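Only one chain is included here, represented as structure tokens and corresponding to the form predicted on its own.
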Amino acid sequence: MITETGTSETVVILGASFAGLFAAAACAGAVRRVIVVERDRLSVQPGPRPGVPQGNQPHVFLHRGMLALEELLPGVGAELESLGAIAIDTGDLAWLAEAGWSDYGLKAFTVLSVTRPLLEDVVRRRVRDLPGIEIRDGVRVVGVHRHGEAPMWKVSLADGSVLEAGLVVDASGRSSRLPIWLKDEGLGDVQISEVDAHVGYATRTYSVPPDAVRPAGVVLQLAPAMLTGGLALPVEGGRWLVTAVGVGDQRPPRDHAGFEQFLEGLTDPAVAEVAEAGEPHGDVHLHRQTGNRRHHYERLRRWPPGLLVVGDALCAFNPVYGQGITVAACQAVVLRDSLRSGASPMVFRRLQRRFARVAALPWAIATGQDLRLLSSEGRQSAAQMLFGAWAGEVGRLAAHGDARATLAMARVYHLMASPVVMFHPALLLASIRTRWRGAGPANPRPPRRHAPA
């Protein structure tokens, strides 16, 4: 066994996906050495990899996530756009929710639409260039152990070697084995909350001529009355990712003909129109690992100093809501600020609780929506039902042209505000007024694709 001696200023990060890369960027400059270990072999060129089964699916940064990423890696947004990432104002999306169409053209929040391989490649390259960062790929972690002397942690690798570290950050995603390791260390069982609505989605790439589609993108949202939906977003290289979404027995198939038939059977033909406007490429890629899973590390009576958990290893969301990358970036900003101020053993416990609070609102949004679906294994609490009912009322106002309602929902969805904004007195008055006078005309369907020139 070879032990690689570290110091109290050595950080070992488990996983080189987004949560691990963001954590490494947060540590750069605050500690002497950061080692990121990743079990996958990382390709020099952008491309899918085994450890990221959702790599062929659409990836969009929520607006809060974009702001956090710019704090960690200044200028990365402009670099991504120079490589073809598409900046989209979400007000320019054709978005069909349960209550009707959103107010098309109402300016809201900007997001970046880009393929996962390109996004990960750019972020990984930027992180690797930071001082003191080392990324080791093809390395599998088999154990994490405490010991009495500084540095406080030993990370055992499958090749028999051991890394010593003063801080270990678990960013190994849904496959994290930390609950088992903590139990072996005598720290007890970790409570886990799960909500799985059995959502599945399938994506295929299409080359779409410029100006063939007028909306910036299309979203057909799932709802109890709409158990199938879809998504179409532009990405780099003149391509669009077209996605079909369904729950339970209505999840989309893998075969090409079945995929196109699924799109044609959606509530509205908007997503199918994008596919019809383009030329398909490659296979249909399925993804069905969409359950929400939260580890309540903040509830452990004893939390060991020098250990942190971030990203999906802490709280994994149904990817259809696009929250995971944003939450990981926000947690990394919290980590960076804490390291800059100096970390004591008590800080790590408080820091882990702060990570849990960062995940709390998106968890409530994702699970609140999934629990409304009959395919979900759980049921909403009374508080969730009441909030869901009011959120539905705000959605109804938005679908009938209320700009305040539309922006309030967008602010909460993009994690730019707490749900309190949805209880603004003006919205309460608008709801009462519409009960007396009627809601008025519904928002019109956004424009279809341009006619051929």
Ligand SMILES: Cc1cc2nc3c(=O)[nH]c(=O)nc-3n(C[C@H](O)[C@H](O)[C@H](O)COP(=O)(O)OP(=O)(O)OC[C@H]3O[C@@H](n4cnc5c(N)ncnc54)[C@H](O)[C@@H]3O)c2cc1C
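Computed from a predicted model, the values in this text were never measured in an experiment. Numbers for residues come from their place in the sequence shown, where the first is 1.
If you look for the form predicted in complex with this ligand, you will not find it shown, but the lines that follow are about it.
Partner proximity in the model of the complex, defined as non-hydrogen atoms within 4.5 angstroms of this ligand, places exactly one of 134-142, 221-229, 91-99, 261-269 at the interface: 134-142. By the 4.5 Å heavy atom rule, the three marked residues Arg49, Gln289 and Ala313 all count as contacting this ligand in the model of the complex. Contact check for Ala171: a heavy atom falls within 4.5 Å of this ligand in the model of the complex. Taking non-hydrogen atoms only, Val11 never approaches this ligand to within 4.5 angstroms in the model of the complex. Heavy atoms of Leu427 never reach within 4.5 Å of this ligand in the model of the complex, leaving it off the interface.
Within this chain, Gln384 is remote from the site of this ligand in the model of the complex, having no heavy atom within 4.5 Å. When you look in the model of the complex, the only residue of Ala359, Ile325, Val123, Ala165 with a non-hydrogen atom within 4.5 Å of this ligand is Ile325. Comment: this ligand is not present in this chain, but in the model of the complex one of Val60, Ala28, Ala410, Leu397 has a heavy atom within 4.5 Å of it, namely Val60. In the model of the complex, this ligand lies within 4.5 angstroms of a heavy atom of only one residue of 110-133, namely Arg116.
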